[in-house]
Structure formats: C-alpha cells, structure tokens
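Only one chain comes next, encoded as structure tokens, the form predicted alone.
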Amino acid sequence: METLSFKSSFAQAAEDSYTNFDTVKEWKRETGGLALGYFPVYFPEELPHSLGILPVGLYGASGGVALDMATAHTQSFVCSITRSVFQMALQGNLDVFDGLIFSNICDVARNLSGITKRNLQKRYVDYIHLPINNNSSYATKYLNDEYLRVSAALEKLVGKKLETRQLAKSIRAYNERRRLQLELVNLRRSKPWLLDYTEWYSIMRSGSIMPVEHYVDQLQRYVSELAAKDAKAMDRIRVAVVGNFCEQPPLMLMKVIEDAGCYIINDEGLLGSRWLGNVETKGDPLFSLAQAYVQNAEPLTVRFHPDINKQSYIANFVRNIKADGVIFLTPKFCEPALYDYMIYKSTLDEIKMPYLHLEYEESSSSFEHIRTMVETFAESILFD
C-alpha cells in the first residue's frame, strides 16, 4: 500500500512551524482572523480557538536562526529553545502573531515572558501562571480565575466576548485531536515499524500550527490508513525516550537513535498537545478545562502534583509499554529534565532496566559520538 498520499501536508506544516509560519500567514489572509503564539509545554488552546484566534505552538527554530541578539539579552547558560524563540521575536519572525503568551513551566520561561514584553511593548504579551500546588482545594478555582483573566485579554484583542457554547465546541474539537493523537501513540507502541520517527514527528508537530478542524480530518484518515499498512518488523530494541518535553531535539539526532538499532516507542516531544486527555463539556466548560488540568494525575515534568509517585510511575510505565531500555534525552541547562533524570534513574537501577543519558541542543549538528553510544547501548541489550 502506498504511504499516505496526504502526509506531505503534515510535513509541510511542521517544517513551516520552525521559522517561517507561512501557514499562519495564509490562514490570516483567508480568514481575516488573529493568531496567538504560545510557549510550550502546556497551554489551553481552546481559549483562543473559541474566540476565532489561531493558537500556534512556539517550539523553537530547530537551529534555523543565529542567536546573536538573544545572546545579548540572556545568559549563556539558558536553554536553546528560549533563546531561539526570543531571537525570532526580536528579528521579526514572530510578527505574524497578534499576541504571544508564556507560562511558569520553569524559571527561564517565566523570565522569557518579562524580557519579551519589555522588548515588544506594542505587542500583546501575556503570562499564564499555572497552579503550583495542584492538591489544594483552591487550585481549580484559582486556575479558573486565571483562565478568565487571560480570556478577558483575548476578548479585548479580538473585539468580541467568549461564549460558553463556543468554548464547549472548541473543547470537543481538541478532545478529538487528543483522542486521535493518543490512538497514534498506542499504534506506534504496538507496531513501531509502521512509521519512522521523522514521519511521526511531522504529524504531531503539525497539530500545533494547523487549524484543529483541518488537522483532525487529516489525522483521522491518516490513522485509519496507517493501521491497515503492511510492514515488516526489524530486529531492534524498544526504547522509551524521556526528557524532550520542551526543547525539541534535532530530527537527525532521533534518526541516529533509530539507525543505531532502536524503535522509539515513546517520547515526550510535544507531550502537552495530548497530555490533558478528555475534558468534560457539561456545565461550565471553562471550569471543566481548569479542573482537567488540576486533577490530571499523569506526570508532566514541568508540573508538580503531590499525588504522583514518580518512582512507581516510571517502573510501571516501562513495564506496560514493554520497553527494553530508556534513553534520557535532556536539553542542556534544562533543570526540570535533570531533576526527573535523578528521580527516574534510581528506580531503573532497582528494577534493572538499562538506560542511557544523552544531552543535546536544538542547533546540534554532529552526532557521531551519540551514534557510538547508542549502538553500544543497543548491542548490550540485544546480546545480553
């Protein structure tokens, strides 16, 4: 069976989300609507969507811009995604967006909001403060109020009021996107030989820039055709990749991991797009959206939830997905990723699960040493 005839639209949209955003420009010309760029990991896309605003994820330039201006404003020891997004803001790549929004996923992202607002004073730049203590009885109300504040700013930006019925409709659209993405995640885990990582990544990343209705329609057909695809499995180990939840690793790096003898059956890239799961639309949809975030007991590195035991989680998770090993793929200078590495590796030692730790920057281009390390890692498992 010929590989899906329309998958090129995913690849084009994904490539476009690095620096050009031509997809966004075309959408704005056709609809006359506004666009909002948001910094990962998690952002409630339903809020701008319900007001007719196109939400677009800012996942870095993947090495596509020089960092000269950003380096003049930031320390040398902050992550690459922060500097590349700020560089794009300063040199005009993000001018297509009518607003930019950040959140408190880490100290660096928190401060990125401030320096962006200071340097782009004529642009709408906002900051959404997600709750720290999700076990508090007040957390849902707090987040609901924060969503109301952001919604009011978006209403002012677009010149119309948020309607409850329209927000519920938006939540249903993103519920469907999350459902289909999770279906693709499960298909990849059960039959990872059906698609390589580059194809997988383009499909997932394009969901952060394409209008959700169009994306869902394309993804529905893609998943159906992929499930019927015939392909032969190769003799590779099954690895879970952990740590790439915010700054995106170079695709060539992921290809090196695959070519070294690994099936990547799980990774955290673009995790926020599907992490929230299904959101209830009965009653007050805004409150339901806040409640879904607060009560979600699935681990998200940049979010603390006292009911989550990360040691038990990682042990159960790698067993459930039948992983042969774990690759910790952490961006340089990313403290949340390194904190999780310290937690997870002690548990993997206890259950005797092999693991390997690698570091990267989004602009990395030389991977020969990584190839050697991964080949050695894979061979040690295959021939153990």
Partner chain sequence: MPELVAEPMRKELDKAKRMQGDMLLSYFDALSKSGVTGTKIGYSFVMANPIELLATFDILPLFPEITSLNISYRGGAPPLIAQAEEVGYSTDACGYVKMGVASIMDKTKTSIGYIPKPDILFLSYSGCQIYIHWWEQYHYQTGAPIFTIDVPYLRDYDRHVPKHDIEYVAGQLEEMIPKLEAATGKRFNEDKLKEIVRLSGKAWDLWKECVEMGKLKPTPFDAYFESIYYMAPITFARGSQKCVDFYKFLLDELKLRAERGIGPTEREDYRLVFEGVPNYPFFKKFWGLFSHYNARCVASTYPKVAGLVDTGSFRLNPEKPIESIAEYMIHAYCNWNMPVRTHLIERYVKDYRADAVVIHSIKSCRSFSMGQGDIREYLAKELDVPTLLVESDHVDPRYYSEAQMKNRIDAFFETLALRKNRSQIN
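All values reported here derive from a predicted model rather than from experimental measurement. Numbering follows the first chain given and starts at 1.
There is another form of this protein, the form predicted in complex with the partner chain, and it is not shown here; the text below is about that form.
**Student:** Here the chain is shown alone; which of Y341, Y42, F317, W27 has a heavy atom within 4.5 Å of the partner chain in the predicted complex?
**Tutor:** Here the answer is residue option Y341.
**Student:** Name the residue from K282, K122, R118, K161 that puts a heavy atom within 4.5 Å of the partner chain in the predicted complex.
**Tutor:** The residue in contact is R118.
**Student:** Using a 4.5 Å heavy atom cut-off, state whether E155 contacts the partner chain in the predicted complex.
**Tutor:** E155: no contact with the partner chain in the predicted complex.
**Student:** Although the partner isn't part of this model, could you tell me whether S80 comes within 4.5 Å of the partner chain in the predicted complex, counting any heavy atom of the residue?
**Tutor:** No, S80 is distant from the partner.
**Student:** Just checking whether E213 would be counted as a contact of the partner chain in the predicted complex - the rule being heavy atoms within 4.5 angstroms.
**Tutor:** Looking in the predicted complex, residue contacts with the partner chain do not include E213, since no heavy atom lies within 4.5 Å.
**Student:** So in the predicted complex, is the partner chain close enough to D107 to count as touching (4.5 Å, heavy atoms)?
**Tutor:** Because a heavy atom of D107 falls inside 4.5 Å of the partner chain in the predicted complex, the answer is yes.
**Student:** If contact means a heavy atom within 4.5 Å, which one of 297 to 305, 203 to 211, 250 to 258, 226 to 234 is the stretch that engages the partner chain in the predicted complex?
**Tutor:** Selected stretch: 297 to 305.
**Student:** If we check the partner chain in the predicted complex, which of the residues in 185 to 214 reach within 4.5 angstroms of it by a non-hydrogen atom?
**Tutor:** None of them.
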